[in-house]
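For reference, the chain that follows is the form predicted alone, supplied as structure tokens.
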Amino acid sequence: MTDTSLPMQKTANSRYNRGSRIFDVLSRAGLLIAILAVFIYGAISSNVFFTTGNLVNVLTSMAIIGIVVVGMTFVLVVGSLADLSVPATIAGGAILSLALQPVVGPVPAFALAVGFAGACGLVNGLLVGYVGINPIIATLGVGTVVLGIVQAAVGGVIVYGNDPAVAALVKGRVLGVPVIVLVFVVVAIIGHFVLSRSFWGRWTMATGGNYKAAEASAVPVRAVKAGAFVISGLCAGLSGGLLGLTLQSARPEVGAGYEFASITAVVVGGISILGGLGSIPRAIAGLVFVQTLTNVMVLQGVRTPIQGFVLGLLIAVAVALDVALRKRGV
């Protein structure tokens, strides 16, 4: 089998290597400079920004979204635009992890919740990879159906947890670091290894970079596309389960907005929405920037609609930059 990932890896590397000196610096360190600028502004503008409580809250929020970001990165890199079923799979994970506790116990309930989200991802993958439905339409349709099932199952009411020990475990800390953050770090390391060091990651890059060339090189492109949505579903289910156990309550709308937050982080991190380019570390860098910027805006009292406008503008600029770089062949 021909290793079709090599040309794409060279292209990916060239994006950050070619051009003028100023462009090279911005390509390599632009996001890092932006993160540093937000941290400096946050420290100057608010006495609360660098307090332990605020940083822990930011880290915890970042971890919940970050797990979704890892899965969303696979979807974008494979060239499938986005997974819009994330709010529904998060809600399914959160509600099932709490609702099934009295029936099967906390650990099996959590596993079933993540498995349910993975099954939703598999349906997405089959529709996109094998049937050929547009990813936006497929995931939006599956998400709507899943959310309807979840709402019907719980009667549209809030589900509460009944195991304080599990809640204490999830909210606990190891050496001062929240458990949820440690889970996110493990997921990110595994995601990075799979995407950058494994044959599956090379197939994902190849499929997203040039679908026909990858198919001609005997890459199982349909399975790779389907696999990206399964990974996204599992990550969303894991995030939803942890969110439910942390809050000890869940309602069908608990996952609303997570798809937008994760897509924003991934795109701002430099992952091409056209597929074939990207890495988990860059997606996490985008996540750090977006979450820190959001925290600074909250501390400054910026209204929610304005925050949405700023994040939407970030997506537009990032996508425009990506398209411009593609046209330049960078």
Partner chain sequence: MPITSLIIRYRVAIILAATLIVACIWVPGFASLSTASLGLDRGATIGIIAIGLTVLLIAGQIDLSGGAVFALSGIVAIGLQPSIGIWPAAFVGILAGAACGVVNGLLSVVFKVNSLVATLATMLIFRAIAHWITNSQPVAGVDIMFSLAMAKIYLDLFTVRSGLFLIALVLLHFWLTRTVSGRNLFAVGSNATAAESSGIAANVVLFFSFVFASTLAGLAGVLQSLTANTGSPVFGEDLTVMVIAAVVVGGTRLEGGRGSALGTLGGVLTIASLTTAMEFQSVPAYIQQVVTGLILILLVVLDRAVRRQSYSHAATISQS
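Positions refer to the first chain, counted from 1. Model, not experiment: these values are computed from the prediction.
One more form of this protein exists, namely the form predicted together with its partner chain; it is left out here, but the text below deals with it.
The candidate site formed by A29, A167 and L182 is entirely out of contact with its partner chain in the model of the complex, as no residue has a non-hydrogen atom within 4.5 angstroms of it. Just one of A152, V107, V186, A218 comes within 4.5 Å of its partner chain in the model of the complex, counting any heavy atom, and that one is A152. I133 is the sole member of L247, I133, A119, A213 with a non-hydrogen atom within 4.5 Å of its partner chain in the model of the complex. The shortest heavy atom separation between S196 and its partner chain in the model of the complex exceeds 4.5 Å. Interface residue remark: W200 is not counted as part of the site for its partner chain in the model of the complex, having no heavy atom within 4.5 Å.
Contact annotation for L127: at least one heavy atom lies within 4.5 Å of its partner chain in the model of the complex. Using a 4.5 angstroms limit between non-hydrogen atoms, I263 touches its partner chain in the model of the complex. Here the chain stands alone, but in the model of the complex its contact with its partner chain, taken as any heavy atom within 4.5 Å, falls in 300-308 among 57-65, 279-287, 37-45, 300-308.
Residues L81, L84 of 73-90 are found to place at least one heavy atom within 4.5 Å of its partner chain in the model of the complex.
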